[in-house]
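Form predicted on its own, single chain, as structure tokens, below.
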Amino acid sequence: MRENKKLAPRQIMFGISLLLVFGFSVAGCGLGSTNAAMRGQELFQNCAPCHQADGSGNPQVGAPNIAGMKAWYVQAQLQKFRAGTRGMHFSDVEGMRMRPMAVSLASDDDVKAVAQYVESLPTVKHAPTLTGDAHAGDNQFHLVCASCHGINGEGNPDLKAPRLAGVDDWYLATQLRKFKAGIRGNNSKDMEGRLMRPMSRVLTDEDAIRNVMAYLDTLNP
């Protein structure tokens, strides 16, 4: 039988060092993700007075239900507010209110953290507030909106089209009116907004808008 060779003290110390380095690396990864989640929750406290602690929104101040909204979309909109490509029109009262809140996020990492926290919140679906013809809205939605926002309103990140299912009908109707009036989507750097403007005009009147909202209210997020 071969004799077991004893490890030299230097080899033992080197092995221990490797274990320590590996252990700290793994712990650091976990700590980093935990810290990011905690940071997002902390930052969201500035949003809660309007959007509520659970992200369910408040129509009285024009704050939509954002709970469970995909992080990529929340992040993109916050960056638009920060850059002034959204929330600069004098008639966009809610947007102008949002812009300083977005600017208060000191870094891109903070934007990412709060967006990820928003996505982590359980989705909340409110009862409809608008009345319309859901059948007519079904036809209009699939003719105008589904190619970007998905046949079930689930959204499409490749096209930068957000989820519509489960979003408050009053908020979506308000945004469509803003697009139609040029209050939103009029900045040359807001590519998605500029694309939405002509699409919104296909819904020629309030009945068409309400019909699409009535159909969207039948969909689950």
Partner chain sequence: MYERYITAASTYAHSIDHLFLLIAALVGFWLILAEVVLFALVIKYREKEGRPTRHITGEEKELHRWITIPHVLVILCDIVIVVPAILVWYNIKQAQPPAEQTVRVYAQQWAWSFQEPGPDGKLDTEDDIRTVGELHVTVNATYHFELMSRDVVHSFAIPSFRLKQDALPGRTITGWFRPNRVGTYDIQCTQMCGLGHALMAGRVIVETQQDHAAWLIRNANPSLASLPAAPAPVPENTTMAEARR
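Numbering follows the first chain given and starts at 1. For clarity, every value in this text was computed on a predicted model and none was experimentally measured.
What comes next is about the form predicted together with its partner chain, which is not displayed.
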Location of its partner chain contact in the predicted bound form, chosen stretch of 69-77, 114-122, 88-96, 141-149 [non-hydrogen atom, 4.5 Å]: 88-96
Residue 60: touches its partner chain in the predicted bound form, heavy atom cutoff 4.5 angstroms: no
Partner contact for residue 126 in the predicted bound form: its partner chain, 4.5 angstroms, heavy atom: no
Its partner chain contact in the predicted bound form: residue 187, any heavy atom under 4.5 Å: yes
Contact flag, residue 83 vs its partner chain in the predicted bound form, heavy atom cut 4.5 Å: yes
Contact test, all of 49, 101 and 104, partner its partner chain in the predicted bound form, heavy atom 4.5 Å: yes
